[in-house]
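Take a look at this single chain, the form predicted on its own, given in structure tokens.
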């Protein structure tokens, strides 16, 4: 089989390639500055895009590679990627499945998994889709054979004229790359309680994160620290959930964590079903004891 990937960065390209390479030859289209970083993931041929990427000129460049000649076109589901997928699907009349977080290939068909009903359930579908968009971070990049074929592609002139950009203010945090995350939910009660959690963050050398209510509804933490279906997808070695009930929308963002530790006073909280270790108790009594144990 033959696959074509489009991803803007090496990590997502590598993750998708690692998922596909045992099933056939993988070709990838990425930005030129990401080519070298993507060359160790078992990709047979890498096309490096140069120029300013917009949905129309990226889609045009991919179309010139005749995507219908590939068994599957896999696109990283970023803002740009989703728009590119839509354009190619319409132009090439190829069926597209979106927001996939896992998939398998069976007898010429693809079986996809994606969250449904706002993340409350998982829908598994079998289809003849030739394009899928994959949620970033769904697969871990694993090294494979070094790429030996490279080709540069100059992006054509876009029909879009960029007048001005106004980037959102961002904090210096990077929870997506953190090995240890201490995440808080509305169970901490109030914004001022975060100060009582910080000793645990410091003792673990981790990053502080939060659930959707904490980051978006109450704004106790910045949006960049939100874990969940509508926030960041994280895969730390240790994920400590404090006062988080564990709704499916939140679980969707941290399900890839290697070890999950949960502290909640509600013994029936759904988070315990996703945890390797669970403590039923008052957060503000448990956290100091955890800090004391870590310092020893």
Partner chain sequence: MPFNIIVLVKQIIDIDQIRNDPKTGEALLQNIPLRIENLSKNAIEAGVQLKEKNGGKVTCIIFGTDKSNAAMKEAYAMGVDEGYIIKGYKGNNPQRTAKILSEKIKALGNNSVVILGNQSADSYTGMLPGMLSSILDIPLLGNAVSVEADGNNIKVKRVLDESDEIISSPAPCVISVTQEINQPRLPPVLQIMAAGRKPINMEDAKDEDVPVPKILSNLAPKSERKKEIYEDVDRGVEAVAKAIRGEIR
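What we label the rigid core is the largest C-alpha set whose atoms superpose within 1.5 Å from one form to the other. Positions refer to the first chain, counted from 1. Note that the coordinates shown come from a computational prediction; the quantities given were computed from them, not determined experimentally.
Note that the form predicted in complex with its partner chain isn't included here; everything after this is about it.
K.L.:
Within 4.5 angstroms, counting heavy atoms, which one of the listed stretches 22-30, 266-274, 36-44, 64-72 is next to its partner chain in the model of the complex?
P.N.:
Only one stretch qualifies here: 266-274.
K.L.:
Looking in the model of the complex, any heavy atom of residue 278 within 4.5 Å of its partner chain?
P.N.:
Residue 278: yes, in contact with its partner chain in the model of the complex.
K.L.:
With the cut-off set at 4.5 Å between non-hydrogen atoms, does residue 85 touch its partner chain in the model of the complex?
P.N.:
Although its partner chain is absent here, residue 85 would touch it in the model of the complex, with heavy atoms inside 4.5 Å.
K.L.:
Is residue 122 close enough to touch its partner chain in the model of the complex, meaning at least one heavy atom pair within 4.5 Å?
P.N.:
Yes, contact at 4.5 Å.
K.L.:
Answer yes if any heavy atom of residue 294 is within 4.5 Å of a heavy atom of its partner chain in the model of the complex; otherwise answer no.
P.N.:
Output for residue 294 is yes: heavy atoms within 4.5 Å of its partner chain.
K.L.:
Identify which of 155, 178, 208, 96 has a heavy atom within 4.5 Å of its partner chain in the model of the complex; exactly one of them does.
P.N.:
Contact with its partner chain in the model of the complex is made by 96 alone.
K.L.:
Which residue, 221, 197, 188, 203, is the contact with its partner chain in the model of the complex, using a 4.5 Å heavy atom cutoff?
P.N.:
So the residue touching its partner chain in the model of the complex, by this definition, is 203.
K.L.:
Taking heavy atoms and a 4.5 Å limit, what residues of 202-234 are near its partner chain in the model of the complex?
P.N.:
Heavy-atom contacts to its partner chain in the model of the complex: 203, 204, 212, 216, 217, 223, 229.
K.L.:
Once everything's superposed on the core, is residue 251 shifted 2 Å or more at the Cα between the shown form and the other one?
P.N.:
For residue 251, whose C-alpha is compared between the shown form and the other one after core superposition, the shift is 2 Å or more.
K.L.:
Take the rigid core as the frame of reference and indicate whether the C-alpha of residue 23 shifts by 2 Å or more between the shown form and the other one.
P.N.:
Not so; residue 23 is displaced by less than 2 Å.
K.L.:
Taking the rigid core as reference, does the Cα of residue 159 move 2 Å or more between the shown form and the other one?
P.N.:
No, its C-alpha moves less than 2 Å.
K.L.:
Given a change of 3 Å or more, say if the Cα atoms of residue 215 and residue 8 sit closer or farther in the model of the complex than in this form.
P.N.:
Closer, not farther.
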